[in-house]
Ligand SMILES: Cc1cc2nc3c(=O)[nH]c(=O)nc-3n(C[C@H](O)[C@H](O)[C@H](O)COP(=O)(O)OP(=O)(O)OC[C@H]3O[C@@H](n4cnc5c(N)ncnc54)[C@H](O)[C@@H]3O)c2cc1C
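Here we start with a single chain on its own, the form predicted alone, put down as structure tokens.
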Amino acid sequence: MYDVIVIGAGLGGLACAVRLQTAGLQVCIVERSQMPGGRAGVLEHDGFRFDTGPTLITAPSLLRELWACANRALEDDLTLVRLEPYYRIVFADGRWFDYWGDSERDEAEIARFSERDVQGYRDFLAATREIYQRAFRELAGQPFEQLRDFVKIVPRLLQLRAHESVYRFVSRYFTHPSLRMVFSFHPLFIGGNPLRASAIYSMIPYLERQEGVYFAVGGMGRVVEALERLFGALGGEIRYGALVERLVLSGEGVCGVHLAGGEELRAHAVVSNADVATTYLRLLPAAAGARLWRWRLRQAYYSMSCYLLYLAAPSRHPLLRHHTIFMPVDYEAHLHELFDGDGTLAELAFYLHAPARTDPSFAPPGADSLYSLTPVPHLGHGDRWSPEETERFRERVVTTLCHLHGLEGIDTAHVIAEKTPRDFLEQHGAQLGAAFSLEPVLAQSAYFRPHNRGAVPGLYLVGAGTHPGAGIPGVLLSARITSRLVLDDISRSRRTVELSVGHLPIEVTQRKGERWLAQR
């Protein structure tokens, strides 16, 4: 009998498990694969190394806080490097914008496109500062389990224009179309459509300005390894190759997990870091109820997916920075196709990660380990990922990068691996192959997002699909919220008294109505 079982050793599962273990609970993580990290994986091939999922760190204070819970300093285990610039955004006309997160340099970049938008940028920062203080500092770390809690903040959200889209909000301050792209694309990092994601997410540039954009030396794989070591040093247990087939129910709710092969593990609480739709629609037995959330998750809007390509490039192209984003010609039309189209894309947009510029260990001298991410529709818009269709799309991506964007020398022969929406579905259990779980629209945020405390007693959720949402900051905040709820519930359900039976001290504990004697 464990205190808590955590399903999945992704970043959210590991962070939540560390917090619970430091609080004195005995935690076991069950992970279906043979290594931790979930989507934050690592690929190595002939001297090339790739992060296969998340690549950048914002809000590093959340990682420092997590390490502090275990009375350790983050810098003892990881080296973070602040990137300069944060990103290079390349437009279809060949111009680019280097985004520094620094007023002087960013204003100089803005002036190259539109002098009058410099003042708009200053006004934008003032407006997003208020959103950051209210939405991120005060609200993102709070659970929204009661509608009345959400209703209380609605007037304030309306004042912050949360009902507007990010793109509309940004357009209030910038007139140049390229600058509107620069300051509105951030929701795509968490699976959101800038044309309908709440203006609350327009505070991301301000968050980056406050804390910076960082790269962990060695990559995100080093972050995962450090979390795994930290959890182990605290006495936590991880069981790899342990596929959860279903949650186990008692009369009062979830009490454990049933593994492939027949083994059952019991616990007083189960935290699922699996995809939220997978948890409710596949792992939770129908007898458990939760009909409302099952219905809502079947009807929900899901994020776009991604096509990922890992390239062992023979040389380093001078156009690229550590993070480079290639924008489409028609930004708005592309977003409509991506989120609401029939599954086809007239244009392609790209995010390229070239970490060897910051950490030379990622590639042989003079070469580049390129991670190319192309946003694509999820499988609900049509499954176009047969082997033949995937091959055609791979060739389209490489041809576009080479001939349209000028990355000469890149060829399909340099492809080490790839990941399609079907891989997100089959490898990670992602509903519809959506790379970021639920789309972050206002009607799927806060109270309207799956709650951190599950709909069935004993079940809790952590990760991108629950409050506050996707992205590393969102996932780490969800771990803080969920661990606090678990601890609160266990402390309320535990009543301990000490008895003396002869000379033998006995501890009598009551949890969720169940009594047992434990020799101490």
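Residues carry their position along the shown sequence, with the first being 1. Everything numeric in this text was worked out from a predicted model, so none of it was measured.
The form predicted in complex with this ligand exists for this protein as well; it is not shown, and the discussion that follows is about that form.
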Using a 4.5 Å heavy atom cut-off, which of 72 to 80, 151 to 159, 266 to 274, 393 to 401 contacts this ligand in the model of the complex? 266 to 274
The one option of Leu311, Val170, Ile200, Ala435 with any heavy atom within 4.5 Å of this ligand in the model of the complex is Ala435
Assert contact residue (this ligand, in the model of the complex, non-hydrogen atom within 4.5 Å, options Val27, Leu461, Val486, Ile472) equals Ile472
Exercise: Ile7 in contact with this ligand in the model of the complex, heavy atom 4.5 Å: yes
Non-hydrogen atom contact Arg39 with this ligand in the model of the complex at 4.5 angstroms: yes
Using a 4.5 Å heavy atom cut-off, state whether Val166 contacts this ligand in the model of the complex. no
Going by a heavy atom distance of 4.5 Å, is Gly53 a contact of this ligand in the model of the complex? yes
Going through 367 to 402, which residues have a heavy atom within 4.5 Å of this ligand in the model of the complex? Please give them in sequence order. Tyr371, Leu373
